[in-house]
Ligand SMILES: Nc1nc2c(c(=O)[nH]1)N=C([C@H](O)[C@H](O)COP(=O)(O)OP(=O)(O)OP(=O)(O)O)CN2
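In structure tokens, one chain follows: the form predicted on its own.
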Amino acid sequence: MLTITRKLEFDAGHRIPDHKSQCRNLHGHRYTLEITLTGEVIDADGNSDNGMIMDFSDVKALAKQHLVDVWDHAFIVYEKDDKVLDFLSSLPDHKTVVIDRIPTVENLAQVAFTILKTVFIDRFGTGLRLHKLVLHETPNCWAEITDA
């Protein structure tokens, strides 16, 4: 299996409401996102993507449009975290992303994978698909999700 990987970074805030330590407080991270795609190499003479699984600039553009720019400099909050939701809604024009689960790195990786697997779809009949997503919360802590 041949794969390609594109790395992007974004900054976002969150909290883990019931956590036993500091993570229950409002805080943020510089997240690193690694998107790994698989598929056959494109064989289309005269096409800009010829010889590639997908052009890295297209991977970046799609990831930014559908995920990175949405989450960058946002506060990602669990839909049942009423205290934080109330606070954030009191801030004019605050960039808030509400998700249906506690925003741990594991859950964020799952949400990101769900979003991006519908974006990276077959091109040129090569079987292009999202194979793996890695989300680093810190340089030493991350979650990985792989297409089954």
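Residues carry their position along the shown sequence, with the first being 1. Computed from a predicted model, the values in this text were never measured in an experiment.
The following text describes the form predicted together with the named molecule, which does not appear among the structures shown.
At the 4.5 Å threshold, heavy atoms of Leu2 stay clear of the named molecule in the predicted complex, well away from it.
In the predicted complex, the named molecule sits within 4.5 Å of a heavy atom of Glu106. Remark: Arg101 does not count among the residues lining the named molecule in the predicted complex, judged by a heavy atom distance of 4.5 Å or less. Shown alone here, Lys83 lies farther than 4.5 Å from the named molecule in the predicted complex, counting heavy atoms only. Partner contacts here mean any heavy atom within 4.5 Å of the named molecule in the predicted complex, and among 60-68, 112-120, 27-35, 46-54 they occur only in 27-35. This chain is drawn without the named molecule; in the predicted complex, the residue among Ala12, Ile16, Val134, Leu128 with a heavy atom within 4.5 Å of it is Ile16.
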